[in-house]
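Single chain ahead, written as structure tokens, the form predicted alone.
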Amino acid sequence: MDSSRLAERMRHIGASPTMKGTTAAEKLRREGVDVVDLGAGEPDFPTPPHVCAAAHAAIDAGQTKYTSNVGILELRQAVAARYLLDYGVTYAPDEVVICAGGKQALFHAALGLFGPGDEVITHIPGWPTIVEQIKLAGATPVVVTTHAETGFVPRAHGLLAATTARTRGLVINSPGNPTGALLSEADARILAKEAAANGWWIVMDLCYERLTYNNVPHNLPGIVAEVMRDRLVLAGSTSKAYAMTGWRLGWAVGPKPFAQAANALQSHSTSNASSITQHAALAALTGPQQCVTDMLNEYQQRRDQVLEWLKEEPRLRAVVPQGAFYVFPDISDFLSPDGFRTSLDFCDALLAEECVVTTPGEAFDAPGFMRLSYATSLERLREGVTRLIRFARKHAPK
């Protein structure tokens, strides 16, 4: 069909570029190729046994019917309890909407809060879905670039410098994908004060919130809610912390009018999240949490080792991520007019020659960089980095 016959909004968005590597890796594996996948945006750990057991129990108990659009009461209570325990912020169950992943929670925020004529501030390098959802809402994304020299940390003064009379809100991702950068509590306090004074919304993508290293203070919900709880939306997920990506379970938390709007949107899109998954998520949030600590410790060991291995090629310069499970090295020294012109070219050739899947910086609005996921074993990470360095040195500009 002629694409010109599609809706106008489809002219301005494309498929998620972060999924390209996954598709390529699957094709190569089917062909019997030894692929090292450093592109994965999901944990390599299995879902914890007690979570799987809860899903089996839900099936055996016949919990396979529709639930309310907003999710079962017990799970909404568990989400609220977690924010109280972790951040000291009190939410009622009717301020929680259970969604099919954190992505849907953010989509509810975009459609429910922003529209034509609005500008919405966010930061790059960043997860591309945030910008695309703002555009789908009819609003204009205004992106603020963060830099490797300062750890890709989004700073309040930079975000506020991008605001105008049309600013409607800010969307913050912390820990950030692809950089692992954290918004500081001090900057969160500044943003909250200014947002409250100007009537802006703050949407916080906290899907990696349990995966932060070195106990860095990161009580962003508590700090912002203290100043402007009535214009704060939190998006969370079981995907990363509990290795539940395929289960598709997230939540949107915010003031009751927003929750009601999200409920209405969901009632006309996906209805409720999977009933079985909701019971699994309930076990994840209320059950033993050692599994989260164990995964975090393993991620930190992998992070440190990957950074050490990358030092074998000094031209692969990488910032130390403070959260999530990605390293985002600068590969600009390996780009040239006579060789690989873009990081996309570099990553495509790396896949073709060395069968290593990575994600080019262009996917995150950051040309000259690449994302390496360390959500795989140390053995495969060693192999992947070895192939990357061999490839980079072979193709380095003379």
Ligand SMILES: Cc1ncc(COP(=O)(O)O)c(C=O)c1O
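In case it trips you up, residue 1 is the first one in the sequence shown, and so on. Just so it is clear, the structure is predicted and the values come from calculations on it, not from any experiment.
There is another form of the same protein, the form predicted in complex with the named molecule; it is not shown, and what comes next is about it.
The stretch that touches the named molecule in the predicted bound form, counting heavy atoms within 4.5 Å, is 236 to 244, out of 180 to 188, 293 to 301, 236 to 244, 153 to 161. By the 4.5 Å heavy atom rule, the three marked residues G101, N173 and Y208 all count as contacting the named molecule in the predicted bound form. Put simply, R248 is close to the named molecule in the predicted bound form: some heavy atom of it is within 4.5 Å.
Shown alone here, L106 lies within 4.5 Å of the named molecule in the predicted bound form, counting heavy atoms only.
In the predicted bound form, at least one heavy atom of W127 sits within 4.5 Å of a heavy atom of the named molecule.
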